[in-house]
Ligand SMILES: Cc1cc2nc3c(=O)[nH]c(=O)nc-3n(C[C@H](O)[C@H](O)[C@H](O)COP(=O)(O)O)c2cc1C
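There is one chain below, alone, in structure tokens, taken in the form predicted on its own.
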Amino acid sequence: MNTTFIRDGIYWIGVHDYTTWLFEGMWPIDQEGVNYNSYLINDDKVILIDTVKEYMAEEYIENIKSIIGDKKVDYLVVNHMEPDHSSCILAVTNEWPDVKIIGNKKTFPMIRNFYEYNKNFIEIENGQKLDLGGRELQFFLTPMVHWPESMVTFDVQSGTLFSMDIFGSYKATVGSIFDDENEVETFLEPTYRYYATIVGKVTEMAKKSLEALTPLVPSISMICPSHGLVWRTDPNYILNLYIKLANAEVDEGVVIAYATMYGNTRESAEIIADELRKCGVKKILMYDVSRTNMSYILASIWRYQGIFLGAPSYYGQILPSMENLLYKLEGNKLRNHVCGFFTDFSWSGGANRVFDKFIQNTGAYCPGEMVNVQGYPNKDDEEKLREMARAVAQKLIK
């Protein structure tokens, strides 16, 4: 059975998903996979913390039985109703009909709507503690991180925070779920990508939730999120990283994301990159938005301070691949970035107007003028592109 003893009667009973192609139907996880982390507390009472994705229900139930034998599951804590964590609720209730489900007032309408289940509910409030047969759990609401019913659960006895999607990441663990038995640095990029795609739009709510949990931090000895690693040795690593992410603290570096039809916009991007190198910028990442899933671009933009966005006009608008990126970026809201924009057109503009609207809506800081190139960049265009690159480079973090 695929279970792992953690400590103090706590077990990991989650599953690894290497078959799902797109997380939430949008974000690729085909190569790295993803964990659905569920946990079991086997004490005087048996307590489940969240479930897993429904298609692995049979394996999940067998995992539980391999630990508790003939005992029954007494409680199921539902921290988050997203189906990758809740869609085995009926499998659990079918196996143990008397199980009591713990959630908040926004949890239960979702259970009714999703699964047509409506009994044995225990409603908790923010900060409330429950003594469940000698095991004291405390619950903290984290609304809109990233659904309205989201909450986290703290096991007072062991100092373990079951943190739902907070402190999660893409990338399934291999061989071990623990931070001290993995190369933590390999989870850094998947964590940025997870945050930028899943939490980025609600980062202000994430920041408030992290601040609300601050008094709890000295008591936290382990963090057990719903995705990624179990942080039993160094929970401060993921805690501090998430604080950095929520505060949009950026590293020095530049992301150049461009869309191109026939290579002219790419030529402008390469001129910008060349000038950035001459200005001493060492970290430069360049993406063709038509070839790269936007999740990787969003993660890099969240991490690095400098941004250049370029695209050709397309029937008086902008190439759709760039428009999709702008839509997500506007939702995430640019913070602490230095930006430059460049376009290309054949007979009339349009991309420039789309970029102007984006700048206005996001308040993007642009120390240089947008460069609009007609066709292949000539010498005058090249100098304008280099001037814009220098203006951004001068503003980057020293």
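The numbering used is simple: start at 1 and walk along the sequence shown. The shown structure was predicted, so the numbers you read here are calculated from the model rather than taken from an experiment.
Here the subject shifts to the form predicted together with the named molecule, a form of this protein not shown in this document.
- Checked against the named molecule in the model of the complex, the residues 87, 104, 313, 300 give one hit for a heavy atom within 4.5 Å, which is 313.
- For the residues 346, 336, 360, 66, the 4.5 Å heavy atom test against the named molecule in the model of the complex is passed only by 346.
- In short, of 181-189, 202-210, 262-270, 67-75 it is 262-270 that has heavy atoms within 4.5 Å of the named molecule in the model of the complex.
- Looking at 362-377, the one residue that comes within 4.5 Å of the named molecule in the model of the complex, counting any heavy atom, is 375.
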